[in-house]
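Form predicted on its own, single chain, as structure tokens, below.
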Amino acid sequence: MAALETKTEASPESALVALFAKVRGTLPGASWLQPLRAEALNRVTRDGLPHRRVESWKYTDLRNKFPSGLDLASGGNALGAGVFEGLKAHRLSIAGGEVSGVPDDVPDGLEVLSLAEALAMPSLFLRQWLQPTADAVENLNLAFATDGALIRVAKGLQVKLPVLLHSSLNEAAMAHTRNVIVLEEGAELTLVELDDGDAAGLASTVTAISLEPGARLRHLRVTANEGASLVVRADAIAVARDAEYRGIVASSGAALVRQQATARLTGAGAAFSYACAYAAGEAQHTDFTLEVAHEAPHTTSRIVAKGVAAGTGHGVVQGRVIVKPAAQKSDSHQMSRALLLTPHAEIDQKPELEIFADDVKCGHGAAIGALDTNQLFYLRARGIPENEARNLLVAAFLGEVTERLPEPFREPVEAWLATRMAHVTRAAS
């Protein structure tokens, strides 16, 4: 019994309870939020942090990699431009879990606020997106969230410049941020997110996205963290009638990255597309886990994943599509392709379909292979060094995702990926 008590006292869940008792008085939010934070943490301690025995986490063991002894991050100074240097955008910076800069030049009808500032206002508008759930990541984030972004686009407004959310963690600590993105009927927005930092800490972000009828959101995210950092992101996306969500994600560099998204297509004509490109190098782990629920007729979803792994890198892509009985005439397809560049690299792909309607068009596919030796020989025979030839072939392979990027985003993302490829493919030479 004594040994069991010692293990419990040293568990990451018990450490989170102690940390919550220490910091709860400093966390932002009105009185209604505090019991919700406590309930969220209670669910984390009751169910435990995710590990391989949880089906949706069977390839990613967060609990055993969860950093111990970390306090909440202390904030930080204004951030540099990062990957999107020179991009014209409405910028909001989040350093160490605290908003350090909010744009003041937004057009009428576009609201960009610090979440902590919004929570200080006497309004229950945000309450619907700040509730405990059945997901451990969302509950952990809710318990400790210190700040984030509230973005709201008024009915019919087409925002010309993108909104850029730049988050960075550069200290050995935990940073938990929460974003709420609301596009009212007929609104259009391009949202760009950049995550970076190289500290051996944990950065979690939960983003709730609500697209009202006819709204259009283009969502680009680059996860550029480095070193021993752990990054966990969860998106909850609701797409109403005739609304459209288009997401593109590029990820490489951190020790562990888990990006999960759940999308609900709640109205007829709703459309969802998600394309991700990833590169996992030595001692790096990248996990994309997606779930799309078709709840209304004539809805459409597309998932495309392209990735490479080298050294001891590990890539994971899980895509689950559920077609409810009412979702007749739905159209869904997902495809995941990957390249293994070295013998000890690993990639796991798990596409799933659950169909409860009888008039649908759904399909999925998955493939894993190696670089074409004939193509590599062709390039080397023309004087191109082996590493450069590998990088060219990998860039062409990932091009199905990167070519979806509109200008002016494509060039900086491709340049960043090229730099990452130089590190990843070095393990294959």
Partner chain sequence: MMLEINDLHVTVGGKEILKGLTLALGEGEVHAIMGPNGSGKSTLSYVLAGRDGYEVTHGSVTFRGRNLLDLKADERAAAGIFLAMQYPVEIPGVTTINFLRTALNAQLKARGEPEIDAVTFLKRFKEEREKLLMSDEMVKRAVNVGFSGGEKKRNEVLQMAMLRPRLAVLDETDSGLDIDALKLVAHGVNALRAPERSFLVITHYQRLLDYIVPDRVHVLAAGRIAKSGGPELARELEARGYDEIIKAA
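Remember, it's a predicted structure, so these values are computed and weren't measured experimentally. Positions refer to the first chain, counted from 1.
Beyond the structure shown, there is the form predicted in complex with the partner chain, which is absent from this document and is the topic of what follows.
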Non-hydrogen atom within 4.5 angstroms of the partner chain in the predicted bound form for each of V102, V106 and G109: no
Partner proximity in the predicted bound form: Q375 to the partner chain, non-hydrogen atom cutoff 4.5 Å: yes
Touches the partner chain in the predicted bound form: I368 (any heavy atom, 4.5 Å): no
4.5 Å heavy atom contact, K58 to the partner chain in the predicted bound form: no
R380: touches the partner chain in the predicted bound form, heavy atom cutoff 4.5 angstroms: yes
Single option in A38, I384, V54, C362 placed near the partner chain in the predicted bound form, where near means a heavy atom within 4.5 Å: I384
Contacting member of L70, L393, L62, V401, with respect to the partner chain in the predicted bound form [4.5 Å, heavy atom]: L393
Which of 25-33, 384-392, 39-47, 62-70 lines the interface with the partner chain in the predicted bound form (heavy atom within 4.5 Å): 384-392
